[in-house]
Structures are given as structure tokens and as C-alpha cells.
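Okay, here we've got a single chain as C-alpha cells, the form predicted on its own, with questions on binding and movement later.
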């Protein structure tokens, strides 16, 4: 008998980082790391589960910037070049560690995984991972959600309703272009919700979204089932709340599984550990040492004297923690089912990049959980939020409270002394975009291109990633530069249009650099 439902929700997102004007660009490394360590292994996991007849389910957002990078020919070519470079480094390491009993097993592991990643990327999915996720959605194993067009933090953009609508509409259009269907669910950027946003979601065909716990618990009507059943907003869109208990076991590096001493240490990388001349061909051309992904030590403990990583022990730890996680969900479901009188839905949302990238064994852990849930018990059933709504179409109605999943639960991460200066510019740009969209409903071809590029620049400037990076204190210069560049480009286009002095060479250059949303229609702002 099913006593509870478990819904894994993974949020896959990276900011749009594409610089065709440079042969190599440091921040594109974020995308390469995500591809090798998270997105390709997730698809490989799905292939294995399908092959073995495992009835698995999970929900995953693919944000428009990430989808756009995954399907961009330039970045696909650059990623493959990066992958071959890492395989070459691994081949050298196979030779260097030939007689090293401590490190040889981990080098062999990387050698196998990198070559398999190359095969999956180039041959299994023809360089287009979005096609892979679409395939598993069509099989009914994955529910792929969307996000804001550029992950704009919506509560701080709401002074312009047109800006909110554009973030949602453009995202849904791009999702349909790549997935063949409109998205049914959305991961709101940073889980940022405010009352009334659900109406815009409903207008665009969104039927559910993920919210943090306090959005549900602080709703305008007390939730009868807490976070263990969705709330229907007055618009009809359903809000699913995060389960704190299951999140903490995985999120916390101190109290959760990722801090286990047997797991791989993220911060020790051969890009920094090995001789400079040896690794120079594999780091940045300017000589900047960067992570290569080859990491040979385990966490060990609070010490600088790290022990060699053992792939076998890491896998054993992942299997043990998967069993513990499932046991806890069984007991949690049994207790909650008795208390609330029906099977609860336990929503476990995480950043997808936690698995494989930050927590190297995380995808192995997820694989074990899926298999154990399907084969070892009958108390807990894997489900997606959309499936739950189909099976349980009647739920309590209430307005969730304004919230986010950032520090302290509201907007402080994205609006504080480090980044609050950006919003007067973003708001003014949104007003200007709306102004021109209404003035020019039927432009000529050149003006249409310029207005569409203005919309792209505004959306890129609104990305919450830039404010987040400014707050975190790392790569701040790049985040400030990106914000200022997009606002400057937008403003120049605006002034050129107002002064009837449009420079089509400038427009063409921006279309080449910032080519996201090829089908955008600026009139979404009207």
C-alpha cells in the first residue's frame, strides 16, 4: 500500500555565458563543468534505469539560458574541444600514475567517465542534450519544467507587469520550440513568488510551480496538510512546497550526506596541485590556473592532509546514504499518512548542479534511491507534481505568501548594499521597452530587428545570477560588467531609435554576440 509520494525536483540552470568575440573565455568553463559532471551523467543515469526496467520519475527544470547554450553550435563545438583536451590530460595522467597504487584507480575512473561523456555527447545525442531530456519526457519518466526567460528574480521586477509577462512568455515559447510542447510546470527563479504572479503563470499555461516551505505555511489560509499537499492559487495554478526534512539531509554539507569523509573533495584539483608547466596546456591560455575536474582526494575531515579518494568507497557511501534516505522517507510517509489521513507528497527540490558537480557521488546516490524505491519497498512511490495533480485534482485553495528560497527566505540576497544599484536601471529599461513596443506595433525590418535586440539585452540584464554573484563576492567584476554592458547596449538602441539614427552594423554585432531567443517578438512587452 502506498503511504506517501516522493517527488524529486532538480533545477538545472546556468547564466547565459557565450562570448564568440574571444577564442576562449574563462566563464564558459561553468557550462563545460556542468555538462561533464551533471547533465551528461543524468542522461546516462536515465539510460541505465530505462535499460534495467526501473520505473523511475523525477521533475527537472531546464532554464532557457541553459537550453540555449546546450543547442548553440559554437558552444557545442567549444565543449567538444574542451572534452578532448581533458581526455588528453587524463591520458597523460594514466601514464604518470602507472605505478601509483593510491591514485591509479581514480585516474582510471576519470579516464572511463570522460571517454563515456564524449560518446554520450557526440554520438548518443548528436551534441544536443536537450534532445535527450525530451526523449525521456516522451517516455513519461521526466517532467521537464521551464523557468524565467533569463532567471530574473520576479518579485523585484514587478514594478513593470510587462517585464514579468515577458520573462514568462518568452520562456514558454523557447521551451515549446525545443521540447515540442508547452511547459506545464515552472521553477520560479530563486523560487521567488509574490501574490498575483500565479495569474500570469496561468495565462501562459503553467499549471504548477515549486515554492519554499514558508510560502505554503504562511499562506493567507492555514494549509490543512502543511507542505505535504499542494495549494491551488485562486487562478488555478498549484503551488508545491519544499519538504525541509528531506532537503536538509542532502543540502547540508555539515549535517547532510555530502559532508561524509569518504566522498571526493571538490576543492583539491590537479589544475592547482600539479606542476604549472605540466598542466599549462589544460588551463586558461593566459596562465590562469582553473579547475580541470580531475580531483584525487577525499574529504577526509577538517585537515589539510587529505587522503587519496577511493571510487569504490565513495560508491559504497552513496549506496548506504541512499538506503538511509529511503528509510527516512518511509517512516516520514507512514507518520504523515496517519496524521493527515492521506498519503503525503514529499517534494524534494535541489539545484541539479549539486549532483555530480558539487557532490561528485550525488548522481550515484540518486540512481540508488530511484532503484531502491522502485524495487525494495511499496510504501513510497516516485511521482511528479503533474502526475499528482492528475490523480488528486481537488486541493485546498489559498494564496501562498511572498517568498524565495534564498537566505532568510525573501529578497535580501538579490537586493542589498552590494547589488541594489541595478534595479533603477532595470526598471527604467523595462518602462522604455514597453514604451517602444506600444509606439511601433508594425515596424519595418530594420526597426523590428533593433527592437527584438533591445528585448534580448533587457532580459539578459535582468538575470538574477548577476545580483547573486555580486552578493556572494566571487567573480563580482564579471557580474557587474555583464549588467552594465547589457544596460548600455539597450540604452544605445533606445536612443538611436528615438533619434532616428539606427546603426544596423551595431545591431548586427549585438545579434551575433547576444543571440539568445532567436524567435523573440518584442511586442510581448506591449
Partner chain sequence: MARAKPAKKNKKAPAAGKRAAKKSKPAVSRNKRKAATEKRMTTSKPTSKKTSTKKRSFAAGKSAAVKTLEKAVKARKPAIAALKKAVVSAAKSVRAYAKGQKKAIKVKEAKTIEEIVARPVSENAEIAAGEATKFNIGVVHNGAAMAAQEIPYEYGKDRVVLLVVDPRFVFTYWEVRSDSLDEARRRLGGDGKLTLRFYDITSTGVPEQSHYWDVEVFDRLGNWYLRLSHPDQLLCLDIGVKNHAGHFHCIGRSNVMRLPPQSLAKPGPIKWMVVSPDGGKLISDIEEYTDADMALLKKILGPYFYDLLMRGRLASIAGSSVEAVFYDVSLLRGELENLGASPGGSPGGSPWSAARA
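Positions refer to the first chain, counted from 1. Worth saying up front: this structure is predicted, and the values here are computed from it rather than measured.
Not pictured, yet referred to below: the form predicted together with its partner chain.
- At the 4.5 Å threshold, heavy atoms of residue 228 reach its partner chain in the model of the complex.
- Its partner chain in the model of the complex comes within 4.5 Å of a heavy atom belonging to residue 415.
- In the model of the complex, residue 287 stays away from its partner chain, with no heavy atom inside 4.5 Å.
- By the criterion of a heavy atom within 4.5 Å, residue 126 is excluded from the residues contacting its partner chain in the model of the complex.
- None of 361, 93, 143, 212 but one reaches within 4.5 angstroms of its partner chain in the model of the complex through a heavy atom, and that residue is 212.
- With the partner removed from view, the residue among 71, 310, 401, 204 that has a non-hydrogen atom within 4.5 Å of its partner chain in the model of the complex turns out to be 401.
- Only one listed stretch (106-114, 293-301, 451-459, 161-169) carries heavy atoms within 4.5 Å of its partner chain in the model of the complex, and that stretch is 293-301.
- Taking a 4.5 Å heavy atom cutoff to its partner chain in the model of the complex, the contacting residues in 446-476 are 465, 468, 469, 471, 473, 474, 475, 476.
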